[in-house]
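The chain that follows stands alone, in the form predicted on its own, written as structure tokens.
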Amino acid sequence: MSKTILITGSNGLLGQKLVHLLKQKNQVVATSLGSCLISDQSDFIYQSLDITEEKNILQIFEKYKPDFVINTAAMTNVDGCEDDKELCDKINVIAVNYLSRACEKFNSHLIHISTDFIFDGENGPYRENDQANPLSYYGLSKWKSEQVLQQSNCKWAILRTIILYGTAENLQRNNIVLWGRKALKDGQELNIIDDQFRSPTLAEDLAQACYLVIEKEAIGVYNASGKDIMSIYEMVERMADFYQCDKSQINRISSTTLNQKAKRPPKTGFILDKSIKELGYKPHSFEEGLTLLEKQLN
């Protein structure tokens, strides 16, 4: 049966993937700041929305009465969150509270995207019920947003993910795979950290996880990342192998040399057993993800 699905942050990478995936069988209401960046707007509704304004959220809920809401909107610039903690809280915490209240009022099921940065990276890979201990303000804000939902009275699911990559139209933010692909093909010298470990996640896989939550009306916390855990250095090496580029252009460096404002967890990665068993989640391997990305870029 067709459902009405409201997507926040629909101009972003995940947002665009969700619009394309869900509009085939549902009424999709895509929302983002400013105008729509998706060129073919024939099968969905677009509304400009600032989620930090509660009255604007309520107007949209009143108009469309969504069955499901997928919140992909967030301030994700990790160092930027250290610089502007107030704005970070406004978007990542307070707006989630507004959404949860609207979902409670209209009996909508809220799917919220969270991150591996809620963990300190000392004991990765992580299960859903492991103890959070964020090192950065960004991580803290996302942990606070999870607590907002856990204390709310709406139906909710949290999908935690790691390093999202992929391509979409007019993206305002680059991702590490698109950046690495271009740099490798251009023969640039790359300085890549070898002391942080992650599980890069194909945007299509995370969109699929959202779809599975809707299909099963799942409630609770689920890990939804790629299945391969690797250092950032190994990730770029694997890209060099995939694109048949010269690996000697990649230099190993330590993250301590970067002088980043925010601390990053050394090793995350997720144990995906719960998502695989309860949702039927089937993420691509890293190389399968690169193959799909290459088809889209060509």
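The first residue of the sequence shown is number 1, and the count goes up from there. Source: prediction; values computed, not measured.
What comes next is about the form predicted together with a small molecule, which does not appear here.
- For the three marked residues, L14, T115 and R173, a heavy atom of each sits within 4.5 Å of the small molecule in the predicted complex.
- Screening N223, S108, Q208, T72 for any heavy atom within 4.5 Å of the small molecule in the predicted complex leaves a single hit, T72.
- Put simply, of L164, I158, L184, V148 only one has a heavy atom within 4.5 Å of the small molecule in the predicted complex, and it is L164.
- The shortest heavy atom separation between A102 and the small molecule in the predicted complex exceeds 4.5 Å.
- The small molecule is not drawn, but in the predicted complex it has a heavy atom within 4.5 Å of I91.
- With a 4.5 Å cutoff on heavy atoms, S32 counts as touching the small molecule in the predicted complex.
- Among residues of the shown chain, Y138 is one whose heavy atoms approach the small molecule to within 4.5 Å in the predicted complex.
- In short, of 253 to 261, 229 to 237, 46 to 54, 60 to 68 it is 46 to 54 that has heavy atoms within 4.5 Å of the small molecule in the predicted complex.
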